[in-house]
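Given next, in structure tokens, is a single chain: the form predicted alone.
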Amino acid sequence: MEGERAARSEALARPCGWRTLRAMAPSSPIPAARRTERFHYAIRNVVAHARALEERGRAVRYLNIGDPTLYGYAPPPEIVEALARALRDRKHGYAPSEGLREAREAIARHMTTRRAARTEPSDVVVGAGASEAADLLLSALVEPGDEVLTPVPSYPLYGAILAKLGAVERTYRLRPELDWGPDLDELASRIGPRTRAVVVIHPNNPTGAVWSRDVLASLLAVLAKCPNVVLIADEVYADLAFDGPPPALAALAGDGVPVVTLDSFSKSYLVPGWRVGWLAFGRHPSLGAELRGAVRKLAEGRLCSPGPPQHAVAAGLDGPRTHLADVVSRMRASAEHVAARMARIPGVSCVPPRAAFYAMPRVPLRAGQTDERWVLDLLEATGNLLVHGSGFHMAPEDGFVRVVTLPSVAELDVVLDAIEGFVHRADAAGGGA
């Protein structure tokens, strides 16, 4: 009997099987992977505070995420009809992992004719938005410990991806005194033996900056000295530049710098929820079969990006694109209005945006206050949600915040009145909000 009892105890102690599970005491929480501790996405993280405010019965204006569909912008009818036709024709199956052939052909034509960067369909991989395309590219490119340079301020997606991969994000500054142009000396000094890529977001999110051709040429001259460093050109907002699309970096680079371009349907065609974006390899010989094969292997591992919306890509890129003139005109009016009014508030400065639907003003902080605390105090006091600059890697004490400028001028005036009143009250209180 004693031997049987011991055998049963030994069986129950084994580290697997239903007997062990039934015998175990209630378990402690399952830990998350440590890599997630470095994964931050401030644009959405601040929403939790806004939701808590709404649960208390307060109304909140969300000026933290750039979604044009929330402000009356509608996609061009030709792409809506193309998607509807695909659904009516029962095109619900898996797409090729690298994207539908007709979509990649349209993207290649767009890159070649409109962006002056010669591109073949075989150079293109379609992703679930440019975000997934960036993830595929960086996952194929970097090893743990490798370095990637990103701008400051920067769209936080890149830092989040690199944290997940165990890579090192190094930064170079964009300077407001240069109209948010890059500090190229600093960029050059940050490139080292483990640098695999430099990210350029142009036109820029979060500042709305557009750089001159001379600045772009100087940037390429720096990178031409580092032929094994990939330039990742995030050009999602190119069609939303107020004075027309800036030159594509892949076109300016030719075969002198290895450029991979990221672009998207989301913003210029006003369909962020369709999740259609892409990467396009440039002509540099170092962008060869090994890296391209690795990207495609990763694309195969996730099967495909959503298929039905890809049937609308050719209708959009090859279409009349007449919607863009009105869209850019509206976005310009709103962005310039925000910048002008912000600059009139004592203690606030703002570089006028030249693209997209963001402005990055600098606001006065009280002693010891961070930009995030300022944003949360503004939310509590006025119900308006912005994003703190440190969410884009700015120094918390510098006092930069990002404002989404998509609402109409009349709607924005309500927000700007609230911000102006909030700043005045803080000033009257001696710096306290």
Ligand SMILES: Cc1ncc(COP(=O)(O)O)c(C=O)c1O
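Numbering starts at 1 and follows the sequence shown. All values reported here derive from a predicted model rather than from experimental measurement.
Although not depicted, the form predicted in complex with the named molecule is the subject of the following passage.
Remark: of stretches 72-80, 97-105, 230-238, 247-255, the one touching the named molecule in the predicted bound form is 230-238 (heavy atom within 4.5 Å). Proximity of 157, 201 and 358 to the named molecule in the predicted bound form is complete: all three residues have a non-hydrogen atom within 4.5 angstroms. Only one of 131, 112, 349, 139 lies close to the named molecule in the predicted bound form, with a heavy atom inside 4.5 Å, and it is 131. In terms of contact with the named molecule in the predicted bound form, the residue from 305, 119, 205, 268 that brings a heavy atom within 4.5 Å is 205. Interface residue remark: residue 275 is counted as part of the site for the named molecule in the predicted bound form, having a heavy atom within 4.5 Å. Among residues of the shown chain, residue 264 is one whose heavy atoms approach the named molecule to within 4.5 Å in the predicted bound form.
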